[in-house]
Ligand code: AMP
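Shown below, as structure tokens, is a lone chain in the form predicted alone; questions about how it binds or moves come after it.
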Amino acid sequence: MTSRCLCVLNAGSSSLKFALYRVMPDGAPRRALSGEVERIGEKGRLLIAPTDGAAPRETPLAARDHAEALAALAALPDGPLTAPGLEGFGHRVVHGGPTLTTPVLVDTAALAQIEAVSPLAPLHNPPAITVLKALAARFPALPQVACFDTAFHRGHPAVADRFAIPDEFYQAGVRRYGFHGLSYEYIAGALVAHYPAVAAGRVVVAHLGNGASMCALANGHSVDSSMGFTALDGLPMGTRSGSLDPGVILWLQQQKGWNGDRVEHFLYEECGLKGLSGVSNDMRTLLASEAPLAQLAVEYFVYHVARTAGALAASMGGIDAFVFTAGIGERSPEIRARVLQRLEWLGFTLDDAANQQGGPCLTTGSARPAYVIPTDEELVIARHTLALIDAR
């Protein structure tokens, strides 16, 4: 009997990540392979990593856009789109706007809503839409499910959800959405599974990667987030500015004569760690550099992670635990150490040996716990996709 399969896709601005899941007899999805098309639009490559012990494969691939990247995956005889028993596709969609607050089966109406909020996630929603449309043309009989990074945060109290602007703008959808919700949803579930007493308390989670944000979890629910209306807000990121006085935008327009497109490119592509350091958007490169601005960029990042942790703790009336996740959070002992040293006043005492080993617990037994928990957004998408397909 052919096993049931699902394909999960995550379209970035210049990448297309994928994972194939097999549905096990108990109904749980289990990853069979994963990979990524990198550097779409230039001379990139295709990476495939099976989970059965077979060697990873890497081949050159020059895809001009996401549709070509998808076509290349469809041409693989043993790829994620040609697996026997394939029943549907799940997608990470960064912005769902005010109306798409749960995972949905994608139809014409849902696609139109995703397109309508694309200006709020210009690096992520447009490529996701390209992939959705290309799959619909290639596999018209297979369902597609969109899972939104904004959905997990939709229960915020009004004081965390609104800006201090007239109500008419809030009603039009101008509000704080929060992002990386699929990652936070996974972490919330992992805490319940492995640290149930912690999960019931007040936890600050730091999703630290090229895109970075933080979330306040109270009893597993998001009550505040560092990101707001768009994925530009909050922490400094690889190439994104993070929080910025709106007056800077006015100055760029009035004094430099920049139009909206120029400002958008600047904030999304030329700022953050890359802009501040003048060296790189890669934390590993910055940590290895002796350039003064590279060192400043690292310290700036650490400072704002710790500063945001204090703000999120205040939003919950205290903090019981801290979690690091995503690329930098999972792989950089130095960044974790520097953040926790700045949070000693909140009761976190670093265990150097445990930190160097990658945790999972990074603090001494008498201190408040801090953990490293690897995130798995694709598994969350696979679970939602399977549930909606089975409920059709």
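Residue positions are given as counts along the sequence shown, with the first one as 1. All figures in this text were calculated on a predicted structure; none of them were measured in a lab.
If you look for the form predicted in complex with the ligand, you will not find it shown, but the lines that follow are about it.
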Among 69-77, 203-211, 144-152, 228-236, mark the stretch whose residues have heavy atoms within 4.5 Å of the ligand in the model of the complex. 203-211
Under a 4.5 angstroms heavy atom criterion, identify the one residue in 131, 121, 217, 283 near the ligand in the model of the complex. 283
Please identify the residue among 63, 339, 48, 326 with any heavy atom within 4.5 Å of the ligand in the model of the complex. 326
Residue 331 within 4.5 Å of the ligand in the model of the complex, heavy atoms: yes
Close approach of residue 287 to the ligand in the model of the complex, 4.5 Å, heavy atom: yes
Can you tell me which residues in 85-113 come within 4.5 angstroms of the ligand in the model of the complex, by heavy atoms? none
